[in-house]
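Next up: a single chain in structure tokens, the form predicted on its own.
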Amino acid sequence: MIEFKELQVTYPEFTLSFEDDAFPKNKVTFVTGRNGVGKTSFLKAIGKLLPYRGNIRYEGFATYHFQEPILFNRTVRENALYPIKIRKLDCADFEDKLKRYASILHIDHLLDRQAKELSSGEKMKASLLRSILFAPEIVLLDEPTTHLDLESIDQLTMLIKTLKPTTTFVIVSHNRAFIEALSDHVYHIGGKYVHR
């Protein structure tokens, strides 16, 4: 479970305040709201990537996936295994997962390709693969359907359903079909919580 109370993120020009809530464990919570109300800031605060006031409580590790894919100048496989290596884990232990998740995303044939050579949609899938391979307890996805066609969105939906028994997802998205296919809980952010 992710629980937060009196959460605020402050910028020089304004402060974002968020209503208290608790997101269920091993479920998919969608964060909705119009542009500019602080959805990305909210996700980054949960991921401890932004300073905040108030309390955020959860167990385990939370990883944040950016709206735009960020990949190293290496193969897709090397990108995916990077979080494994920096944690000094044995990459061989993750090879089966790597192939299975890559197959669900239909990028298993691209594992030995240079990531920088991929299309924008393929880059998004490769970066998603890196975010989930090391089995974080919480995955924070910021507009993950960006750059993905309908078939690729279906593949991502299947991957999230595969991982949900052991992973808590918090997702920012405007894609109604994607939300309807996966949503267990919705947290709506409204403009009235922005103080200028």
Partner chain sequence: MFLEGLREAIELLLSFDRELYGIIGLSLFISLLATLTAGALGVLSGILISVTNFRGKRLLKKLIFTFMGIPPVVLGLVVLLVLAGPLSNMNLLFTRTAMYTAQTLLVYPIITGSIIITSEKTQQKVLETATTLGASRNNKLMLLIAETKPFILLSIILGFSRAISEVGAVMLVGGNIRGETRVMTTFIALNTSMGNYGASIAMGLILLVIAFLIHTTIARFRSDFYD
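What you are looking at is a predicted structure, and each value in this text was computed from that prediction instead of being measured. Numbering follows the first chain given and starts at 1.
Keep in mind that the form predicted together with its partner chain is not shown, yet the notes after this line are about it.
- Using a 4.5 Å cutoff between non-hydrogen atoms, R113 does not count as a contact of its partner chain in the predicted complex.
- Shown alone here, I56 lies farther than 4.5 Å from its partner chain in the predicted complex, counting heavy atoms only.
- Proximity of N73 to its partner chain in the predicted complex: non-hydrogen atoms within 4.5 Å are present.
- None of the heavy atoms of Y101 is located within 4.5 Å of its partner chain in the predicted complex.
- The three marked residues, F4, F18 and D184, fail to reach its partner chain in the predicted complex, with no heavy atom of any inside 4.5 Å.
- Partner proximity in the predicted complex, defined as non-hydrogen atoms within 4.5 angstroms of its partner chain, places exactly one of 141-149, 128-136, 163-171, 32-40 at the interface: 128-136.
- In the predicted complex, P83, I86, R87 are the residues of 83-115 with at least one heavy atom within 4.5 Å of its partner chain, listed from first to last.
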